[in-house]
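Okay, here we've got a single chain as structure tokens, the form predicted alone, with questions on binding and movement later.
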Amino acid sequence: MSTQVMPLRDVIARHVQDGMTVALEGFTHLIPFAAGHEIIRQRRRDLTLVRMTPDLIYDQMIGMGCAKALTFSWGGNPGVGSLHRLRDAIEHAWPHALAIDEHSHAGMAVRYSAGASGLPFGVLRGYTGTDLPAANPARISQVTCPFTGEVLTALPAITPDVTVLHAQAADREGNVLLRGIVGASREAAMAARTLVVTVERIVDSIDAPMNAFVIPGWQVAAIAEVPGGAYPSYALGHYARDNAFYLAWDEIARSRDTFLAWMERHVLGTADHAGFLRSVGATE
């Protein structure tokens, strides 16, 4: 597969379609906000969203009607509280009903790893004594080890139609560098049928430091150069997390009216991520 470098608008138009299973990964940092906003601008619908820790970008996508289902472990506004648009969808079916497939962090990691390994399911010593199996019987089962007789928890593999990541850099061959806290990004990338990546910059060559990994270009379908593409989360070596944004979001998202007005002004009312950054007063 040859990696194509193109504007983010074209990446989303080509690779994210209605009804797909889409994972926007990133663990506390390198969260692909720019890509999520472009999905909202293009008014994608009936998506099954997958993410180990859905936070503000999924709150926005769910509130704008992009999602029919959510596969996740923990969901919230980190350090602040609830995701009000997520809660409204689950509790009141606004803007419409949202099906949920709930797991632990370990369970999500196992499911991604199974998908990355080409296996139909993964196993772990976990969930025993919890309410998760009863709450999610369709996707949490048991299997007996043929060698020891031990009963283990079995979870179906996650194989997203598209995984979207944000990273620090890519070279002109399409190889992508991620460093810092990476969470399940590597597994989500390998499990996907299609991988697209936004990056802070495109460089001539990549030198991977410690606490980093490189996704080979043959695995990447498309790259978009989007400086600030993880804002308001952070990108190690480029910019810090905007904690004030997360605090402000709690109040913005509490009301349907204030939420819709904010999204109309700052996301639907801007042409791209650079416009969004200007609109919210962030520095590109």
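Since the structure is predicted, the reported quantities are computational estimates derived from the model, not experimental observations. One rule holds for the numbers: they count along the sequence shown, beginning at 1.
The same protein also exists as the form predicted in complex with a further copy of the same chain; that form is not shown, yet it is the one meant from here on.
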query	finding
4.5 Å heavy atom contact, F121 to a further copy of the same chain in the model of the complex	yes
Partner contact for V203 in the model of the complex: a further copy of the same chain, 4.5 angstroms, heavy atom	no
Proximity of L178 to a further copy of the same chain in the model of the complex, heavy atoms at 4.5 Å	yes
Contact flag, A97 vs a further copy of the same chain in the model of the complex, heavy atom cut 4.5 Å	no
Contacts with a further copy of the same chain in the model of the complex, stretch 143 to 159 (heavy atom within 4.5 Å)	V143, T144, C145, P146, F147, T148, E150, L152, A154, L155, P156
